[in-house]
Structures are given as C-alpha cells and as structure tokens.
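Encoded as structure tokens, the following chain is the form predicted alone, with no partner shown.
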C-alpha cells in the first residue's frame, strides 16, 4: 500500500470495483480500492444478480444497457467467469390498468432505443415460461436482453480487469476516518494513512458511516429483502432451455431459474428497515433470519403463479439487506460542499446499474462531466432536508413497498410530506388548494371544491375541467399563482458582472431589466434555462427551478469567480405572480409607484400594499403578468392584499397544472423536459439567446462548433395531436411513415385553444411545419402534425400589452 493515490475507492462490492475499473481503463491507474473485509462482503454476495435493460428513466435505462454490453467484455478482459445467462425476460400484467400501462411503457422503450422488446399475449408468455400459470393475466412484455449473472464472479471480474489496467485492490483494511486537506483527503486505515485527491464512497451497507466520516449525512437506508431458492422442479428437468426472468407485477414477485430449481424474490408491502445508521463493521457474510409470516401474502401469490413450487421444498432462504435512496435511484456524483468527495451509493440494482454508475462517475471525475444526463441519480437532487431520519425511513419504505405497485403520473404520494410550506399554505388549503411537492416544498396544483379527490389515471383525470376553468380565468381576466416554488440566488460583489458574463452565454440585462439566461457546460450542452434580474443597485438575481437548488449551487460554486458573493434565497423569499389581461389593473391598485408602466421584462422594487417587494414584469403563461417577490414572512399578507385588489376583476387562484397547459400553448419549454443537460442549444432553439459576440463564456467553443457545423440531427418542434381521452406526457415515440423519427419531451391539453399539444425532439428532415407524423399516447397511435411555435398569440402581443 502506497502513502498516496490519486483516487481511493472505499468499498469492495460491485459498484466500487466498477468505479475502480472505469477509472483505470480511462487512464487513471494510480487508484486503489480499500475493502474492510474481502471483495463482495456486503450486499453483493447475496444479490439475486438479475439484469435487464428496462427502466422508467430513459437515461438510467441507457446506462443499464451499457452495463449489459460491458459484462462480457470484463469477463474476457479479466479471465474471470461471470456466469452470464441471457435468458430473456417477461414482465406480466394482471389488471386492465397495468396492461394499459405496459403497452404505454413498451412505446416509451421504443423511444429511447430499446428495440429488442415486444408485447406478448398470455398464451405466448406461458409458452416462454411453461411453469407459469396464465390465470388472471392479460398480457406481458418480452425483452431479449434479460438474464442473470454470478454475483461473486462478476465483482472479481471487475476487480481483476481493474488490476490489469494498473489499479490496486487492498482487502482486510477498514477505513477508520477521513480528513479533508488542502490537496484532497487523508484516508486513515487500519494499515496506515493514505493521502489522495479524490475519495469515492462506494461503501454500500456502510455508506452512512463513511459519509459521516466526512460530515455528510447521505439519504440512504438498508432494507431487508427476501428471496428463496427451490429444490429441483421436475418440469424444468423436462425442458431444454432456461425459463426467462419473469416479473409478476400484481404478485410482487420476480423469478429466474437456478440450476433446475428457481429463485423467487419478493418485494413485500410490509417492508422492514435494518440498521438505518449503517451495518456493524464486523457484518459481512451474515443474513437475517427469514420471516415467511411477514411475506405470507406475496408468497401465496408467488406459489399460485408458479404452481410447481407447491410440489417441491425450499432449498435456501435469503433475507439480506440492500441500501435504498428515497426514490430508489442511486446517489452518484460530487457531494456539494465537499470538494473531492464522490458518492457511489444506494445502487440498489448494483449488478444491473453498476457498470453505468462506474462509467459515469469516472467520466465525471476525469473529464468534468459524464457523457450521459445522469440527473436522475445525481446526489445533488436532494438537499439537507433529506438528511432527516424520519424522512429517509418513510420515503425508502414507500419506494420498497411500491416497487411493483403501479404509480400514475397524476398521483401524489404521501411519504415524507409535508416538510416545507409557504406561509399562506393554510389559507390556500382552506381555499381548496390541492398540493404537489417540488423538492422539499408543497406547491399548488389546482384549486377544487371541498371534498374533491383526484382519481389516479394514465389519461385525462377528473381534475380536467378544474384546470380548464383556471386557464380560462388567466386568459380572460387575471390569475394568482404562488411562486414560492422558484429558486432564487442573489449575486453581489465587485466581480459579480464579470462572473455572470462568464457563467452565462447570454447578454446580461441592463439595470432595471431581466433576461432569459442560458448556462452551458464546458461541452456546450445545457446547464440551465434561468432568468437573470439586474436590480440596478449592484444586486443580481438568478431564478430557476426550485428542485435544482443544490444542483445549480454546486455548478455555480464549481465555477466561481473572484470577488463574488452568491447566496441561495430559497428559504428567505417567497412570492406570487399575477397573469392575465387585468393583472395591471390589480397591481396598480396596491402601489402608488410607476409599477404600471414597467416595461416588458423590466424589474424594480415597489411598495405593494404594506409590503416592500421586488417586481418583475414577465409571465410564463404568455399573458401580461408580474412576478412579485416578498420576504417569506410577508407571503400570507401579500396573498390577501392581491386577492382583495382583484376581487372585482374576476381573479381566481390557479396552480401549476394550469400553468403547464398555458405554457404549452406558447411552446415554452421547461427543464427536465425540453431542456436537459443532455441537449444542446441548437437542438432546443436556445441558441437564439446566446450572445455570440461575447469573447468568453463557459461552453463557447463547443457552442460555436455546433453553430458553424452541419446543425443538430434533431430539433425541437411543436405538435398538434389528434388525441381523444389522453394526452402525451413525455418519451412517447414519434413516427413518420413507419420510421421512428423522435420522441415527445412533454405534452398536454391546451384548454384555451381546445387542442392537444406536444413538444418533441424530431429528426431535422421532418421538422418542417405541416409535416404529418404519428405518436403513441398511452400506447395508442394518434395522428399529429408539426405546427408553428406558439399556437396561442404567436406575435406575443398579450404579454407585451
């Protein structure tokens, strides 16, 4: 063991060895892995080892596909047999709603390039898995690229391939403490002290303790997970192929063959946490006692789905712990505020996602950015509020329990809520507000009559008419929207303007004005569609998506300039927006200043009733509008004042569901849909906001290369869709004459114009207005056509009135 390495990876499971392998393979050979016991001595040795390319998050699905492709390569490179069995896989549906969802999911997988799957009827499914009963099933989806591997062999293959590329593996050497230094980290171990530039927490069941060594409270918790291995099943002895990986969604079980028996795994509703503060250091190859009584309901369903199990015994029970995050996705990337400390934790499906996690983290460390958009597993998608133990317990438990439970896009889940509420929350609830959650904050969805309950649905819900009413009020009169759920960053200091000019590709607004601000990564891909306010007194605001607060703050801090002070105002400032043709009349009643003559995109400080507020004249609805920002404690008072001033103007309160409809009619994109860090300015038409005369800004060279090249292969368009009872929502495939030419980024119903719209990324050669296309909405093919952007008020006269 040397006294210095460039990177120290802590944890000898599948994730740690994958990170080590990818670092060494990409040229950083001065790296070592430290394992407190021996390789696999955690969750890896008892994992079921299933692999499949399907995932609801398209970016994670692509990383899973990468892992599957990588497995034979590391077997060959290391010389270690990984026991790869590519059996194919079935996912079965047993209710009409689930079958409808599965047909829709099949189309989503087509969108993201997973072509080797197809829908199957029950007869074919039973032929593919002859020990499965088809009773109660309606259909399924077959995927070629599913199977299982030998977990221990796979970990040793990653480690062996890493060592062949120059990496070092050190076993029987527990990490005792971590100390941050000017150069990086000091890793104190049982065998001595190592200094390194980077440390990676891939400690699995011990991730909590390794995080705490650095003053980090990671939102992870272990939960126990059962599976059994049966004795030999005679029916399997009679066939000459292995039965496929099979998931029975209504039965909460998954199954694969194990020699001439089967492995049956269960995601039970009655979940059980284990050692929430981390596993004991001496724990490793032990298991918890099986608890068949707790999983009795799911066991019965499993034995009914596979009747052959009723005729044989159980050879082995496994009840072992795996670590989960609140949403079930990994926690990967640089930990905010801890330079050189990297997370590779909560990789619940380690053998499925471990290759993609290792690749992305190594790219991030070496090149500054991963190739893929990995926000779905970025550790910065959580803030300090997620460190709360009760929150972690509720949310990880909810994820585990709902692992095979169908979740609808309009469904609001209860775990870990509410955490943060704006001061007017109680008053808005009394007015009928139905709430959603953005990050830690409760945000308004719409306002309903007492006793209203929205029905979860893949199609238009029973809240459809409520949202239509809110849209009508905004277009014709004036609507009031709580905008506490926007992020706000304050920028001050002598170097503020220079830094802003560097971090944004956009021309900076003049004093008293605001402007859309485009941020790019070094590779020229998007980092933000933000709004920049120049208040005219040396103070600037950056506004954006509330749920990206930690993510954007990390980006800003990693690219910070000299003499700049940056402050997150998210817990200090709240506000409301007025939108609609009568919004000026409302705001003028509350101010004796010149707020009424504020120009479009103008901003300033004004008295609004008894309150001193910051006001910007802009609106995402496409109407005349004002964003009014106040101190958090003034929020309830501001609401009452605005409602009183608008009482005779037809004002109503509205929520973000209506806002999403209104913005679609204007072809306004939003982050995580039209704009992501996987897309470029040219693809999304954000290049029209770039100031090409600026001599320098982050991502300039890459953006110029795109501008001066042949243009992007795909571009953003607006589609009018021949929808009936459902609207596109995202990742539906778009077709032209039978050929897949793109996918939907977001969609919905435009209540003002009475039409269904979608925004989509499509091949440039089919992006012309008037091009006839089709797309699948909840699995059903519908006609669509490319139309001009902004079908409502294309000249923008309303918002500039």
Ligand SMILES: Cc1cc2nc3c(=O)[nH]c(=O)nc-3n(C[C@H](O)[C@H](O)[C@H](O)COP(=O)(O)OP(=O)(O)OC[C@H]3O[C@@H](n4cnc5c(N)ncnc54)[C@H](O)[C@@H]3O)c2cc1C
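Numbering follows the first chain given and starts at 1. On a predicted model such as this, the values are computed, not experimentally measured, just so you know.
Another form, the form predicted in complex with the named molecule, is not on view; read the next lines as being about it.
Contact annotation: of the candidates 580, 444, 140, 204, the single residue with a non-hydrogen atom within 4.5 angstroms of the named molecule in the predicted complex is 204. This chain lacks the partner; the member of 281, 241, 692, 452 within 4.5 angstroms of the named molecule in the predicted complex by a non-hydrogen atom is 281. Using a 4.5 Å cutoff between non-hydrogen atoms, residue 350 counts as a contact of the named molecule in the predicted complex. For residue 35, a non-hydrogen atom is located within 4.5 Å of the named molecule in the predicted complex, even though that partner is not displayed. Among residues of the shown chain, residue 777 is not one whose heavy atoms approach the named molecule to within 4.5 Å in the predicted complex.
The named molecule is not shown here, but in the predicted complex it comes within 4.5 Å of a heavy atom of residue 174.
Residues placing heavy atoms within 4.5 Å of the named molecule in the predicted complex fall in a single listed stretch, namely 39-47, out of 743-751, 39-47, 728-736, 768-776. Although the partner is absent from the chain shown here, 14, 213 and 318 each have a heavy atom within 4.5 Å of the named molecule in the predicted complex. Within 4.5 angstroms of the named molecule in the predicted complex, the stretch 214-228 places a non-hydrogen atom from each of 225, 227, taken in sequence order.
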